[in-house]
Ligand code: AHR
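Take a look at this single chain in structure tokens; it is the form predicted alone.
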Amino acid sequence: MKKLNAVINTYNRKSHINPEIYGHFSEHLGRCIYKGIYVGEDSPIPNIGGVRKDIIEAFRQIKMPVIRWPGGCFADEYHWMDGIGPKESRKKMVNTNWGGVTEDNSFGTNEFFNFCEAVGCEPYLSVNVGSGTVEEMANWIEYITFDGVSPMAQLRRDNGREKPWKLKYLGIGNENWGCGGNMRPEYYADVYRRFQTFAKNFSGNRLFKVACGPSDSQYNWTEGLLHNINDMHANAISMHYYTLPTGDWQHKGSATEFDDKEYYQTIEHTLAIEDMIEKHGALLSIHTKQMKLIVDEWGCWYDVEPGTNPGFLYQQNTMRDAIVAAINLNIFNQHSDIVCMANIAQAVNVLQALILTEGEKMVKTPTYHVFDMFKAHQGNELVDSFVENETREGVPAISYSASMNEGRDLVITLANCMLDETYEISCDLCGYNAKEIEAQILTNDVHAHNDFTDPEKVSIAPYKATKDGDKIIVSLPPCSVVTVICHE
């Protein structure tokens, strides 16, 4: 066992951790919506308005703050009018981006907003810029949010919803540098300015407008965009970054079969997001005073599970993914002055999913458990923290962040990224007298995962952290995530 010193200075409150940093993403892709979140009102699987009750309960458990929909690349081919009204009369479409399957539009605007209400989370709408029109977007916002007399408000009432919903987060386009239109940043900026002009606030609703930002290190996109839009046009820009173990989009690697070298490559590639956040954040600070960064697609992307549709992006989820999730969430916490929202891709059955389903069965993945352990950070103030770290296998051994809530509960989250070393962290608390300590741990072999025959193989367990004077002592086994909550 190696001993490392740490310090948490509660006097130094650095930035607010928006709950939306713990956000999610649900695209019409594979079995994320259909046979995942949505099974239909006539399903024998218990549901509320066609949405699985067990999924609603699972998302409530982690205090899901926000969910992005309907895409992704799907968003820029989605026409919302096809997904309202009687289901038997809704238009069918081909999902050209994801598997070429037929989309029957049975899950549309009403179903999505009712789902958000059931979970208690904010909707984050991604509107169609690539193949849609300004009028289409404007009508959609009016349909959702207007409480007066108008054709769109009446259409909503005809479809069974008398009062409008609230819509805060509006993403105007998705990946417009790629599947959303292959645009140049200067051209997209002009298109964005036009669309956002007609994104109106109705009936007391206030839109938080998000412009399509870069993929990973596309600093030229951020520069080109910010030369042409400002705080009057947007509240935030988005960023997408996926962790690929191999760094090769053609051969991304297996979700469950990997050696130690590939594991540490995965951690190294995950950590790269921090530099990107800092550099895009620096560009934002140069060009704007108020705009923030939203990482609205992040997570691990592997080759699909053998025998599954390659267009469905279905993959398993191991302790490696738990470590990746903990690293990302700690980074977002540490940069909560820049990052106001993040959305893991994706919520159910796709990429680094929190939940896997098969018929009536549901499995919570190791990634789900990390979100459950980290939820205590939501809405807290980031406090200054430092761990006397060491670098092994090319990566820091310990990932960490700390925050405090209004009741002065201190939340510390730690991940040991090493596969063969235990660390004892001795943490000095400055300005804090911990009278009670509670802790949880998630740990197992790095390849361990939950499946439908063994759904609890990787699960959260109570843990022990001790107090020694003004110090907190906690041991981190190899490949583990630990949360410590202190009470004064």
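In this text, all values refer to a predicted model and were calculated from it rather than measured experimentally. In this text, residue numbers run from 1 along the sequence as written.
As for the form predicted together with ligand AHR, it is not shown, yet the points below apply to it.
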query: Per-stretch contact check against ligand AHR in the model of the complex, the hit in 286-294, 360-368, 70-78, 321-329 (non-hydrogen atom, 4.5 angstroms); finding: 70-78
query: Residue 240 within 4.5 Å of ligand AHR in the model of the complex, heavy atoms; finding: yes
query: Any non-hydrogen atom of residue 346 within 4.5 angstroms of ligand AHR in the model of the complex; finding: yes
query: Contact label in the model of the complex: residue 37 to ligand AHR, heavy atom within 4.5 Å; finding: no
query: Contact of residue 112 with ligand AHR in the model of the complex (heavy atom, 4.5 Å); finding: no
query: The single option of 208, 301, 314, 263 touching ligand AHR in the model of the complex, heavy atom within 4.5 Å; finding: 301
query: Candidate from 351, 225, 172, 414 lying within 4.5 Å of ligand AHR in the model of the complex - any heavy atom; finding: 351
query: Contact set, 19-36 vs ligand AHR in the model of the complex - heavy atom within 4.5 angstroms; finding: 25, 27, 29
